[in-house]
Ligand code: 3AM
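Just the one chain here, laid out as structure tokens, in the form predicted alone.
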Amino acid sequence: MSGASASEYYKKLIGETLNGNYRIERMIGSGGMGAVFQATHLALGNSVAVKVLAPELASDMSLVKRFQREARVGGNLMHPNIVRVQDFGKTDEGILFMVMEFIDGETLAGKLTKNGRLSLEETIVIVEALCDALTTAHKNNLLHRDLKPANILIGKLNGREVVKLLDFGIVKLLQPDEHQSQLTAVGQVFGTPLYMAPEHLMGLTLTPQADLYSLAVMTYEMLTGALPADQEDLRKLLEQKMKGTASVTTHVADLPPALDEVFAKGLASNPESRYATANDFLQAVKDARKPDTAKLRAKEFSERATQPIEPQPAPEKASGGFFGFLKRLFGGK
């Protein structure tokens, strides 16, 4: 389905009622995987968000399973900073949809586009909420794998300011279960390259430190309005990330100098050199405001932060395409 025909399809959904329960009011946004609408829950009378899988993808069972898994994960992860999935269904016409709590606000990406960058205090408020959400996800054996400003909602819920993490479509279990075993082939790369950790770009085994790297990239962007690695060419992007050097004070001179050490560790090319937990990263950002504490933290910074990842053999199934290119880049045969 072309972009124009997809747009027409989504327009026709406005005013329709899905499975007798959810009346579609307006489209909030759309992308390659589908669209999100504001809808009314007819029985309760409140607003909800309805995410619809693009109709041309409904025949791709791997994508359908990912959509179902996103709904299942979002329904099971009960946390105030994670968008809650309330329902999942399929209409008689074959439309797959999930129902989520409706947040009246904007994405972090939209906020950054409008404001350029945020203050250190504003940034800490958002990072604290995201760290709480990630801590819950990681404790539940889940990696998000696609942390980026477009997947962060900032708005109001029941009159309160909230920060919400969403889109668990490519979430990954640290220990695969029967639902995931066939969804991700070894060496497959999913996510948004600018925010991905080097080992993620290389198709290597991921740990929670991959999510923490993406969190550090977003935090850097919030503080500076720039990205620590911004090359469009994937090879150059990976080379830039592997250097692991990014200074926030180069962009914003009045930021605490100790933050440069925080990002040297948070954006280290070797995952073992990064912060152990999301809360460790949050505490380091907070401590950077206090010169004495920041100096003590800086002494603890390991030299491993600038060490490159040891190249690993690429799996046979993933030897072609971009992964094969990376294998050759790092000296593979």
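Numbering starts at 1 and runs along the sequence shown. Since we're looking at a predicted model, the values are computed, not measured.
Just so you know, the form predicted in complex with the named molecule exists too; it's not on screen, but the next bit is about it.
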**OP:** Could you tell me which of 125 to 133, 251 to 259, 99 to 107, 221 to 229 sits within 4.5 Å of the named molecule in the predicted bound form, going by non-hydrogen atoms?
**Re:** 99 to 107
**OP:** Go through 202, 215, 83, 73 and name the one with a heavy atom inside 4.5 Å of the named molecule in the predicted bound form.
**Re:** 83
**OP:** Identify, from the list 54, 267, 36, 282, the residue with a heavy atom within 4.5 Å of the named molecule in the predicted bound form.
**Re:** 36
**OP:** May I ask whether 6, 32 and 58 each come within 4.5 Å of the named molecule in the predicted bound form, counting any non-hydrogen atom?
**Re:** no
Original post:
Might residue 143 be said to contact the named molecule in the predicted bound form, defining contact as any heavy atom within 4.5 Å?
Top reply: no
**OP:** Decide whether residue 63 counts as a contact residue for the named molecule in the predicted bound form under a heavy atom distance cut-off of 4.5 Å.
**Re:** no
**OP:** Please run the contact check for residue 288 against the named molecule in the predicted bound form: heavy atoms, 4.5 angstroms, yes or no?
**Re:** no
Original post:
Does residue 166 make contact with the named molecule in the predicted bound form, using a 4.5 Å heavy atom cut-off?
Top reply: yes
